[in-house]
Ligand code: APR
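Next up: a single chain in structure tokens, the form predicted alone.
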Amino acid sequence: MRTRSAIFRGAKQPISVEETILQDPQAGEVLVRVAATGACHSDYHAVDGRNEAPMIPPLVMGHEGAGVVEGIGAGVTDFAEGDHIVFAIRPMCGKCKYCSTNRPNLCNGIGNEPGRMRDGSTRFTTPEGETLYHGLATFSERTVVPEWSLVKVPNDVPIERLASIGCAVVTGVGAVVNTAQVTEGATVAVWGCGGVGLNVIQGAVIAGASRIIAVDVDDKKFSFASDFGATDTIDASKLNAVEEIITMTNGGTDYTFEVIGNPQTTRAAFEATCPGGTACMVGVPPEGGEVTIPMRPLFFDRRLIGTSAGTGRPRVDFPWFIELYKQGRLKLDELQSRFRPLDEINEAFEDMLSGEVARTIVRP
């Protein structure tokens, strides 16, 4: 079938929206009409050249989204036409060591090459026959994905509202509740108040943190941070955030989260913890990035840990997030501060870089 898709053709180039040919789903695969998809920094890192792997051009972009099932391949029994789904950014084979120990975010039981389906082929081409690589390919009107990359969700919530659950929400909230396991009454500091950082903040609220300090260099983001539950803000372009946090908390916070992927801010987040505190790196690190930390603070029971996709368990976490949203405890409406059509995908990333939105949602 013919569809329209946003294609990454190389770093430092605008993303092009083109007509593409999408094959029917094969065995174990599902055809999805994409209802909404978020503009995420993880994709933009390929566009700006910071981190291209595994973005192999030409590639149909996008990984965060929700949609409606329009067709199924042979052997698919858990999904049917009309089902509402949320895309999971990591596959879940259900059989490997990590899936079997409740860590499907680290699943290694699939084994497909980046940009290809498990059989080594792709489902997208140009009308001229050019092969297009892809993952979930949510920056497209329609996409075909393996069934293990989908989570069926109730249809009593507008599907557009669930677009960011599969990345920004599970990465941010999951880092708090699954990875760091923030305790009730703890103090928290968050470096980076973009879409994922805001979800770290609201994750800390859900966990019952007593004080949540938001750190950024763009003061336009602080109103969003406050709306999502930050009790304090620090402009790191004007103040030494580590010194400020240590002073404000009489020795450092119990937990810090670095949501940028920068060696310097990762070290700063570690240095802002109190003895016995935990610093968690959430942001995607650059290729070859390294961080060094002083040994003496580490000696006093401090921890520096990382998280991938919020240590998420999509089939468990996504329904929980939806219940929290229904109860008014998870802010999804507020996260979606701007909507754009697929043709404005480059403008959606400009929104993100401007700091003027919490998340721009593209509606293919």
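Sequential numbering from 1, following the sequence displayed. Just so you know, these numbers come straight off a predicted model, no measurement behind them.
Keep in mind the form predicted together with the named molecule is missing from the figure; the text below concerns it.
Would residue 217 count as a contact of the named molecule in the predicted bound form, using a 4.5 angstroms cut-off between non-hydrogen atoms?
Yes, residue 217 is a contact residue.
Indicate whether residue 279 is a 4.5 Å heavy atom neighbour of the named molecule in the predicted bound form.
Contact with the named molecule, no.
Would you please decide whether residue 196 lies within 4.5 angstroms of the named molecule in the predicted bound form, comparing each non-hydrogen atom pair?
Yes, contact at 4.5 Å.
Does the named molecule come within 4.5 Å of any heavy atom of residue 40 in the predicted bound form?
The answer is yes: residue 40 has a heavy atom within 4.5 Å of the named molecule.
Flag this candidate site as yes only if 192, 221 and 352 all have a heavy atom within 4.5 Å of the named molecule in the predicted bound form; otherwise mark no.
Answer is yes for this spot.
Heavy atoms within 4.5 Å of the named molecule in the predicted bound form: which stretch among 95 to 103, 115 to 123, 283 to 291, 138 to 146?
It is 283 to 291 that comes within 4.5 Å of the partner.
Find the only residue in 313, 331, 45, 302 having a heavy atom within 4.5 Å of the named molecule in the predicted bound form.
Residue within 4.5 Å of the partner: 45.
Looking at 175, 201, 165, 259, which is the one with a non-hydrogen atom within 4.5 Å of the named molecule in the predicted bound form?
Of the listed residues, the single hit is 259.
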